Structure formats: C-alpha cells, structure tokens
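The chain below stands alone, shown as structure tokens; this is the form predicted on its own.
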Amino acid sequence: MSYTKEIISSERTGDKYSLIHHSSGLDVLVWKMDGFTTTEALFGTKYGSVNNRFKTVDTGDFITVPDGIAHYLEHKLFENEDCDVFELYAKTGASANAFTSFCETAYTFSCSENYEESLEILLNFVQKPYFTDENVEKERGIIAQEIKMSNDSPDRACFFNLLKAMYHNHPVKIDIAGTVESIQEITPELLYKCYYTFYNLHNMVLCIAGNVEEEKVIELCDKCLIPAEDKQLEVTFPDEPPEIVTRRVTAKYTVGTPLFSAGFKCPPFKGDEMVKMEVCAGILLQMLFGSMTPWYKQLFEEGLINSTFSFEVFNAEEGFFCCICSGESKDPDLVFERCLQRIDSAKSGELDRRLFEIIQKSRYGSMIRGFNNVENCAETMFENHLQGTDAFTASDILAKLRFEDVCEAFGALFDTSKAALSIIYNNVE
C-alpha cells in the first residue's frame, strides 16, 4: 500500500511526530521518543455515546440508534470468533484496555517489549467484529449490571444531574452506557450497522508513541489494514438553546457530607478556537477558585469546602462546553452563591494580571513535561487529531496567550445566568 506523510512539530520544544495518511483510509500518528523503553498505542474511532443520530451513503436519511450502543460495541469487540483478545495479549506481555467516552472509543495497549506483535493483535481484532444473538444477549446482562452499579454512585449522579440541569436536548446529558431500558433494543444487526459506519478507517486513527520504529508501524499497517471506502459519514445533534434547563437540582444518596457540582454553560466552539477557549477557561477557573486565591482560602477556613474541591473544563467539538466546580460541602447552596459573587466581583473589578502570569507559566510547564510521558503523548495525539487539531496546539496557544485574551473570554465562559447547581444530600436526613 502507499502513503503520504507530514511532520507535525513544535518550534518551541523541538518535539515532533509523523502524521501518515495511509492508502487504506487510516491516519497513523507515530511519535518516536528516543531513550524510552515503553510503547503506548491507541487505535480508535470518532464515535462515542453522543453519536446516536447519523447517516451515510448507505443509510440515505438520518437514522437514530439506542443510547449506550457505542459502549456496548466496545465490550463486544474484545470477543472474537476464536478466542478472547486478552488471551492473545497475555502471550506478548502487553497490558491492554479500552474506553468509550462521550465522543470517542479507543482500544489501547502498553508494553516494554514485543510492540510489533501487540500492534498486530490490535489492528486485527478491531477490524474483525463478531456479533451473534447469543453473545449479544449474554453481554446485555453484564452491561445492565454495570449500569445499575453506576446508578448507585452519588458522584456520577451528581455529575449527570448537573448535565441534565444545563442541557435541554443534547445527548451529552445521557449516561455513556445508556439505560437498562435502552440497551434492550440493541441487536447484532444494529451493532454491525454502527460498526461499519463508525469503525470505517476514514473515521479512525492509530496513535503510537515511545520505543517505536515508523517503518515497522507502516509495514504492519500494510499487512493488517483492510482498505475502506469513505461512507461520507454525517452526524447531527438536536438544537440546543443557550439557556440552562433549571437552576438547581437535588437527589438523595448515602453520603457522609453533601456533594455538589456547579456548572457554567458556555456556547460550543470548534477547532483552534475551542482549544483557545478551553485554555482560557482552565486559567480562569484557577484565577477565580484556585487554591492560591483569597476566595479559596476563606471558604476553606469557614469549612464550606475541603480538599475535595476541584474544577474542570468539560467540552468537545460535538456541541457542548461548560466549566464545572465540584466537591463536598455542609452548605452547597452557600458555596454556589459565593461562586457567583466571586464571578460578579471579578467582572466589576479587575482580574489579577500577576496571578495570570504565574498560572500561565505553571500550566505551560506541566504541558511541556507531559511530552516526556509516553502514555500522555499517545493520548494527546489521539484526542487532538479527532478534534481536528494537533498535540502541540494547546501548548502553542498557551505560550502566546495574553492577559487581555483571558479577560475577553471571561464573559462568554462565566455567564452567571447560565449557571446550574446539582446537590446530593444524605438520604437519611
């Protein structure tokens, strides 16, 4: 087979990797890291729990599939007609895993030797689905049990209740595994339909980093990859109003201290703009609520928050973006109120330029150190490639970011009229 190659590099750090456009339809990213003994590989697809409505040249119009089918498919792909895939990896000594997220599914392995044999296993089993009425039915009970166990998690309930409080129609508010009811609708025929739609090599990527030789990877791709026809996949999402659904939602579980998640719903972004806004949001969260701020220290001293307090930017090109603060508190409503007050005071006054500079340097240093971690490099290539950027986009944006850029993004990212609060109380109270 043939291929073309690009070199993706960072002028600032000198790091680089190869982007190989293989004639089979697959993009292959190889980051050779001299001096490392381990290898990390991900073979995945731009297919997650939110992708339940799509069309291709084969389907004609858009079709809708049951919630949880991407996760179900990931489970089933490890079981082929001959044996369990983990038995094959056991012979090479590799550690294998897989995950399904809101927007992606990936199959991974890490090893310190025999990466060629492990890579061949990975490429082969992901391309060979095997679904029958019997094995699909057997998995239904396993996944239903997994869903019920997840439903017992107060942290998970707090998070998804927050998403339901913020999002009217977007499927991000639905648990990745679906529901016990929705998985009853999954059949071998539907699994094959989703597989041949989303596991098309034109919708996939192979990322491998560490102790690896590019020529060997291409040789194995030539040997194992089955050329695919581009099915012109299109996905669609329901219209999502900018407003939140409700300001406050509560539930009861067995918890020692009430849990909370406070979210700020933002407009969705794409490409480099999304990365820039994600970087700005992360810095702003730290400037507003980070452990270096007087706000954090005061709430900590008052006993309103503790060491569980954290924040994150939750976003993807698939139409969702929000900033979330979470933790435990004896009075979640008061913490939420103080969060809103902090935002209003920052908007009416000025953000601290010196604090911005400290956080910017710290975050940039962390990103650069990440390029010395094999697992991080493989995952960063994977995540960014599927979102239409590259592994160095975020660090390049962060290095060039100005204090004025963060101030300009503040209003769009922290609109207090679009803030929601999810609380989990103790069910014995």
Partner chain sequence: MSDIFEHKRCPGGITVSAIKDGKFKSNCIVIRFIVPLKEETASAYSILADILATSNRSYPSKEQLTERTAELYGSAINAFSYRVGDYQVVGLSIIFIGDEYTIGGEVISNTAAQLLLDCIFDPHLEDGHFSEKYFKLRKQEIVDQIESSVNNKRQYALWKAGQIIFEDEPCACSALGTAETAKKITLDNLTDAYHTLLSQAAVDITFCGGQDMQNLEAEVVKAFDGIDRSNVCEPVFYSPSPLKSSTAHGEEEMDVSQAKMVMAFKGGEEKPDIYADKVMCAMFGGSPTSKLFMNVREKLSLCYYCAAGLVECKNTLIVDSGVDTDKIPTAREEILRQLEAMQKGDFTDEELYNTKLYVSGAFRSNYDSVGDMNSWYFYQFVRGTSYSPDQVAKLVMSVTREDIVNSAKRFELDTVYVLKPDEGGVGK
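Residue numbers count along the first chain shown, from 1. Computed from a predicted structure; not experimentally measured.
Only in words, not in the display: the form predicted together with the partner chain, which the text now covers.
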- Query: Exactly one of Cys280, Ala316, Ala94, Ile121 has a non-hydrogen atom within 4.5 Å of the partner chain in the predicted bound form; which residue is it?
  - Reply: Ala94
- Task: Would you mind picking the one in Gln127, Thr257, Thr187, Thr179 that has a heavy atom within 4.5 Å of the partner chain in the predicted bound form?
- Result: Thr257
- Query: Does the partner chain get within 4.5 angstroms of any non-hydrogen atom of Gly35 in the predicted bound form?
  - Reply: yes
- State yes or no: in the predicted bound form, is some non-hydrogen atom of Ser366 no more than 4.5 angstroms from a non-hydrogen atom of the partner chain? yes
- Answer for Ile142 alone: is it within 4.5 Å of the partner chain in the predicted bound form, judged on heavy atom distances? yes
- the partner chain contact in the predicted bound form: Tyr296, any heavy atom under 4.5 Å: yes
- Task: May I ask whether His202, Thr250 and Lys400 each come within 4.5 Å of the partner chain in the predicted bound form, counting any non-hydrogen atom?
- Result: no
- Proximity to the partner chain in the predicted bound form (heavy atom, within 4.5 Å), stretch among 316-324, 285-293, 336-344, 239-247: 285-293
